[in-house]
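Below you will find one chain, with nothing else, as structure tokens; this is the form predicted on its own, and questions on how it binds or moves follow later.
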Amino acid sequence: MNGDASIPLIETHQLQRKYGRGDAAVAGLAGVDLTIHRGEMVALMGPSGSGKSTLMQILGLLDRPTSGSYRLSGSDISTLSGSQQAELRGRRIGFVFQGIHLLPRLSAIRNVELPMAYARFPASERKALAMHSLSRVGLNHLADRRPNQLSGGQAQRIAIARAVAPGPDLLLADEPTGALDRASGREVLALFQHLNADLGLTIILVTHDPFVGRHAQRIVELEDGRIIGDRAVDDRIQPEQPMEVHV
């Protein structure tokens, strides 16, 4: 992928996604024009059914638009085969979900390593990358713990380590604090802010919560599959001090 900073990381034009056919078709997206540059931290906001999750799935190469165009780092995604999109997704896009989805029988470090194995990273690299990623989220001292030995906030931080270990260009987080208590949620949001600032990682937060949205630099509002607002966050919640990293 092209890493030229002058080229938007994400650029969509009249993006549409319809479900069903003919008169019964329902529009998930109804003509979305969106540009996101490298290093931005953006919140996609809107009520249930607004299209924000549909847009996230297309941006993450988990779904294809019905019409319109999507360019990632300047490359037209529609020209890529399914296998090429899967390879790109595995190496260049990270995902964090409300449901944390750690495998219960694997240790934290093995959970972080696993997607890199699927993406065919050399075995000699995976453990080092996984441990480095665990250090970034302040949990390398828990590398051998299993998910049932972790708090909810710790488990979500492990999931973030898993998402960023391959060195993606883009991190997509879908309601990442929805299952956490307020204190753990604040820790996770501060971690996203530090990953954005320290790594220049482009982060898109999908949320309905205005408090979560205020951690981003920019809010894009959707309603009925259309963008109805796009603004800078004037009252942004500033990053807290980095959490302690155990070495």
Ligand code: ADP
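Predicted model only: the values in this text are computed from it and were never measured. The first residue of the shown sequence is 1; numbering continues from there.
The same protein has a further form, the form predicted together with adenosine-5'-diphosphate (ADP), not shown here; the description that follows concerns it.
Heavy atom within 4.5 Å of adenosine-5'-diphosphate (ADP) in the predicted bound form: which of P65, G185, G28, G213 fits that? Just give me the one.
Of the candidates P65, G185, G28, G213, G28 is the one lying within 4.5 Å of adenosine-5'-diphosphate (ADP) in the predicted bound form.
Identify, from the list G60, G39, G49, G178, the residue with a heavy atom within 4.5 Å of adenosine-5'-diphosphate (ADP) in the predicted bound form.
Spelling it out, the residue with a heavy atom inside the cut-off is G49.
Out of 194 to 202, 41 to 49, 213 to 221, 65 to 73, where are the residues with a heavy atom within 4.5 Å of adenosine-5'-diphosphate (ADP) in the predicted bound form?
Stretch with heavy atoms near the partner: 41 to 49.
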